[in-house]
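The chain below stands alone, shown as structure tokens; this is the form predicted alone.
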Amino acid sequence: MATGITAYVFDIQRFSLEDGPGLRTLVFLKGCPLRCAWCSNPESQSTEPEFMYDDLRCTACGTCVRACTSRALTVASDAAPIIQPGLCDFCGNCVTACPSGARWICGRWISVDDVVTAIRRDVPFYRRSAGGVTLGGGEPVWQPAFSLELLSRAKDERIDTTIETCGYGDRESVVPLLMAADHVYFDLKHADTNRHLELTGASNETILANLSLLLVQHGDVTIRYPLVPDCNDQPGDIAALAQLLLGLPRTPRVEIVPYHRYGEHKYRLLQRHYPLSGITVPGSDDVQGVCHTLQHHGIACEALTL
């Protein structure tokens, strides 16, 4: 069992090249205050463990039902097993018993000590590539004690640190945590408050206030703007973004991240509806065009490719 400061983590990914300088170890924390329509990690939204279930693998054999000691699983003839959330204790018996690997649990308690042990094995790669550890999710700010302790421990071991954040939360916890990282990737979803609320479930006022405070104090902040067709990619949206950026205490560099469908299948695994089903993926010319617009305003911008 994990001891010390712990958090729910749903993945630790090694050798990432897109989440900070050099080769990175990316720690995905569960829990996020936003519900972005294009979220590519819906399994990160809840702070609780969740079942992922692949109906394409399931043979409806009933083995999982028989293995469930809490009687949380029921199944009709030739139908998929149904979980009764109030009864399930996430013991994992059904996962172990499933002969087709159709079910697994997303999220586990893990301690800072365990994460530090995991990232130490990649230190030689960090040294050669100027890499390090990156906290993402989900939202690292949503589990601040764990995130702050992990950043501190990494710094003690001279490991470079990056944090990826939506910036939403009380400034008393958000800003000190972000200040503890060497590099910050700060998401901006939309410049307009009302449209931001429609797309993410929260306004951007708190986010922008935290960003302004951070830019006064932190020297390495990069804005990441997810370019999502029909959501925030229109000329008026980009003009508003440029105006917002130019009005900040200092103008940060920007990376335009094109929308992708990598997370769409996860909604099926969580048995949820994907809000943007059928939406087109922006072309490279579209992404470059946004960058050129921001550059025309004197804003340093890079178009990412995925």
Partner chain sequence: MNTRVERLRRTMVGVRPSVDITRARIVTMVHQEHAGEPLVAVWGHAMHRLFGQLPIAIAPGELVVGSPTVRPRAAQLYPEVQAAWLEAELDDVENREWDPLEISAGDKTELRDSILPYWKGRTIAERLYLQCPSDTAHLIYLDPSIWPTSSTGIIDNYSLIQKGIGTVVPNYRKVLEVGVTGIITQLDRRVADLDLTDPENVSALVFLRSARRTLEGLLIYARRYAQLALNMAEQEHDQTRRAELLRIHEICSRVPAQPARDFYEAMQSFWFTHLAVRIEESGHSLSPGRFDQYMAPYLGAMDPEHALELIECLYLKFSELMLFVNKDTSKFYTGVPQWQNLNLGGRCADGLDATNALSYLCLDAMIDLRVVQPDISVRIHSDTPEDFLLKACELSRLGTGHPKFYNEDLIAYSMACKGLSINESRDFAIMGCVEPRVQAKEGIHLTGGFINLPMALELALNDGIWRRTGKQVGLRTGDPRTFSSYEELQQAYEAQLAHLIHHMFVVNAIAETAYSELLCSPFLSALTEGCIESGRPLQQGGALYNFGPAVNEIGVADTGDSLAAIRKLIFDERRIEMCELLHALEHDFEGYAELRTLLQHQVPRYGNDDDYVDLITRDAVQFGNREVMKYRNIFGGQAQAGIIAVTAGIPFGAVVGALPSGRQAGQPLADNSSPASGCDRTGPTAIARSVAKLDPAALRNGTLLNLRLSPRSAADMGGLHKIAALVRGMWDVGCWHVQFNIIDTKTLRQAQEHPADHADLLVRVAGYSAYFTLLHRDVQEDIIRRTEHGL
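Positions refer to the first chain, counted from 1. Owing to the predicted nature of the structure, the values given are computational and were not obtained by experimental measurement.
As for the form predicted in complex with the partner chain, it is not shown, yet the points below apply to it.
- Residue R120 is the only one of H218, R120, R108, R171 with a heavy atom lying within 4.5 Å of the partner chain in the predicted complex.
- The contact with the partner chain in the predicted complex, taken as any heavy atom within 4.5 Å, belongs to N41 out of N41, T251, S70, S46.
- Against the partner chain in the predicted complex, the set I5, T206 and D233 makes no contact: no member has a heavy atom within 4.5 Å.
- Interface membership of G263, defined by any non-hydrogen atom within 4.5 Å of the partner chain in the predicted complex, is confirmed.
- Within 4.5 Å of any heavy atom of the partner chain in the predicted complex lies no heavy atom of C36.
- The partner chain is not drawn, but in the predicted complex it has no heavy atom within 4.5 Å of F90.
- Although the partner is absent here, L26 sits close enough that one of its heavy atoms falls within 4.5 Å of the partner chain in the predicted complex.
- Only one listed stretch (172 to 180, 79 to 87, 127 to 135, 145 to 153) carries heavy atoms within 4.5 Å of the partner chain in the predicted complex, and that stretch is 127 to 135.
- The single residue of 154 to 169 lying near the partner chain in the predicted complex is E164, the criterion being any heavy atom within 4.5 Å.
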